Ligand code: PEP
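Just the one chain here, the form predicted alone, laid out as structure tokens.
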């Protein structure tokens, strides 16, 4: 099955509204108004409104938030609800990023609650999974990925899962300069698709796009994307510069 690649820029805690607008203006000029891939930009919460305005005339680039809360409203100081994000016009929300798991203590059950709330609201989740170096070297790769998928996606309907995106990001490759080789990435992605097939059926699993995340750069994008089960990239540091990110998007297509 042909799956349209999806390339997402995760800016993390970089770029306020002015920088986000400047980036998008330059990036859209470099892309030239058309792309062979779906593109998503994920700024910090405070820059989402400015980014949405800058993307008003874009036919190529969607908007994602980096996180959300699973409750509609309440006494959750510092949190942002899905309703607030949809009012801005967010298309996707990233959940389960390794930094949310390791720094902020989010577990698979919390990620599952967020995924259910996003599906109920009609917002497409980008659901991150991945193993640490210790887990990989300990032979736990498949066990970790299976647990994250089974618990994180529990109770989600097969029809809505077809629109979800899974981002496989080996934790040991995030921001380290290390990248899983194409064969390693393909092996992990193929296993993820196998588990998705067990959970939701092979037909749905064949439709779900699985991104690779972890030190993606213009130089390694094409080789990673050539793998049959790698359907895109979740890009961190290399997405902070318009030229670099535009080259990744072009190479992915």
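All figures in this text were calculated on a predicted structure; none of them were measured in a lab. Residue numbers count along the first chain shown, from 1.
Just so you know, the form predicted in complex with the ligand exists too; it's not on screen, but the next bit is about it.
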Legend entry - Residue contact check: residue 12 to the ligand in the predicted complex, 4.5 Å heavy atom: yes
Inset, instruction - May I ask you to state whether residue 108 is within 4.5 Å of the ligand in the predicted complex, using heavy atom distances? - result: no
Legend entry - in the predicted complex, residue 97 touching the ligand (heavy atom, 4.5 Å): yes
Inset, instruction - Examine residue 181 and determine whether its closest non-hydrogen atom to the ligand in the predicted complex is within 4.5 angstroms. - result: no
Inset, instruction - Can you check 193 to 201, 209 to 217, 65 to 73, 45 to 53 and let me know which stretch has heavy atoms within 4.5 Å of the ligand in the predicted complex? - result: 209 to 217
Inset, instruction - Assess the spot marked by 38, 40 and 232: is the ligand within 4.5 Å of a heavy atom from every one of these residues in the predicted complex? - result: no
Legend entry - The single option of 173, 90, 149, 156 touching the ligand in the predicted complex, heavy atom within 4.5 Å: 173
Inset, instruction - At a 4.5 angstroms cut-off on non-hydrogen atoms, which residues of 131 to 170 are near the ligand in the predicted complex? List them in order. - result: 169
